[in-house]
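Just one chain is shown here, as structure tokens, and it is the form predicted on its own.
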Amino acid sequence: MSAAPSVTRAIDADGIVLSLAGDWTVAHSAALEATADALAEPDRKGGGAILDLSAVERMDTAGAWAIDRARTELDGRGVKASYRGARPEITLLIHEAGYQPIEPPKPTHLSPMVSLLTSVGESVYIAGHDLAEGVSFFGEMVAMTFRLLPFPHRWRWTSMAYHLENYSLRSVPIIALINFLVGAIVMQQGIFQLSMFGASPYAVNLVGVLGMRELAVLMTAIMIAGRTGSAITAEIGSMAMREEIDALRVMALDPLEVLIMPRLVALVIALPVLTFIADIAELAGGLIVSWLYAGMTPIVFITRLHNAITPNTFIVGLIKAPFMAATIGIIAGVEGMDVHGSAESLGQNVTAAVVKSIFMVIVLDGMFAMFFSAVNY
């Protein structure tokens, strides 16, 4: 039967002698803590103390840690403590599993300007890293497209059809509703503001040109970034968390070919179609408001619209759509593949995918606007 840890005090020429006996193991955790606390309470300040371990029968890491903690506390109180009579295995255990005080990190006090510059530098570095990662991912997708073009049987047609239905057909109600409301709001505000100058009929030009060139494709891309981009990141991120992507690699399947390519192709096809529906919905919203708010009949609205827009006005929006779709798909795929093992990581990457996609869509729209203005298109 194991004996509980104990300590006996004595005084000799060398100072206080603390003789330890019994089993200093975690099985006697309560007695071990109490006895170790008693070790650290010397009868007098200064001088020395000897921890005699010759009678210790058994010791594990918990006992070694408690004894060495008591020795450290004695040293801190001005009592120089040392060991005596320990067997080699006990000496080794105390040396390896001894007490190590935890030092709290020293607080760093940076000036507000240094903190601001640090945050800006870190943000710039992260943005550069994300850009490089996105360009690399885009290059991989382009290379894969050229590798798959000669082999139609390798395209995941079933998967593409499923994702095309999910991204386009199931998105029609929300896309049509949002753009209908945007067209109605722009028409109402245009009529109200232009009526001050006696030019309210030109609100049709505003809805036709601004809606078809900018607002329809921009609102559609933003909605797709929030609805579809987040879904792509969440799906791929969940697969990464459950190690399904690693399983695909083990089966000699390329995750980019199996997971990313069908979604990217479906998204590039879906967004122009949704942009066309958004154009129609936005014009319908403007027509309804002009009829009810300004008394402009549909025939007059369509006539003015015909005089305001050209085929180029409609084509510009459709040209932007595939590029915005590819940007959303690449960002969503990169963020999904970067998920690492936790729900927190998944949430952060889904949020990042949506924010980055919306930001890049707006930047891309601005770049297209400058380009088309420069070429007078």
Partner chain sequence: MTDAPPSSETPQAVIRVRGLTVGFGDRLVMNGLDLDLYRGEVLGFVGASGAGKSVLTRTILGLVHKRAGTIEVFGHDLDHLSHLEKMQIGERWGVLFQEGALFSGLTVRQNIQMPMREHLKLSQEMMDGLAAQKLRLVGLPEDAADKFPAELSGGMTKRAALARALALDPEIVFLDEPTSGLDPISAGDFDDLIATLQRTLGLTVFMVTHDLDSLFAICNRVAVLGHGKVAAVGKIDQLLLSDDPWIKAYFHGKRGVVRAGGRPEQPPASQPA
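Residue numbers count along the first chain shown, from 1. The structure displayed is predicted, hence computed values, not measured ones. Superpose the two forms; the largest set of C-alphas matching within 1.5 Å is the rigid core.
What follows is about the form predicted together with its partner chain, which we do not show.
The three marked residues, 166, 205 and 301, fail to reach its partner chain in the predicted complex, with no heavy atom of any inside 4.5 Å.
In the predicted complex, residue 312 stays away from its partner chain, with no heavy atom inside 4.5 Å. Residue contact check for residue 61: one or more of its heavy atoms lie within 4.5 Å of its partner chain in the predicted complex. Although the partner is absent here, residue 66 lies within 4.5 Å of its partner chain in the predicted complex, judged by heavy atoms.
Its partner chain is not shown here, but in the predicted complex it comes within 4.5 Å of a heavy atom of residue 102. Only one of 272, 201, 226, 98 lies close to its partner chain in the predicted complex, with a heavy atom inside 4.5 Å, and it is 98. Site annotation in the predicted complex: the residue of 339, 350, 32, 330 reaching within 4.5 Å of its partner chain with a heavy atom is 32. Here the chain stands by itself, but in the predicted complex one stretch of 206-214, 190-198, 255-263, 84-92, 84-92, has heavy atoms within 4.5 Å of its partner chain. Once both forms are overlaid on the rigid core, the distance between the two CA positions of residue 63 between the shown form and the other one is 2 angstroms or more. Residue 29 is among the residues whose C-alpha shifts by 2 Å or more between the shown form and the other one once the rigid core is aligned.
Once the cores line up, the CA of residue 170 ends up less than 2 angstroms apart between the shown form and the other one.
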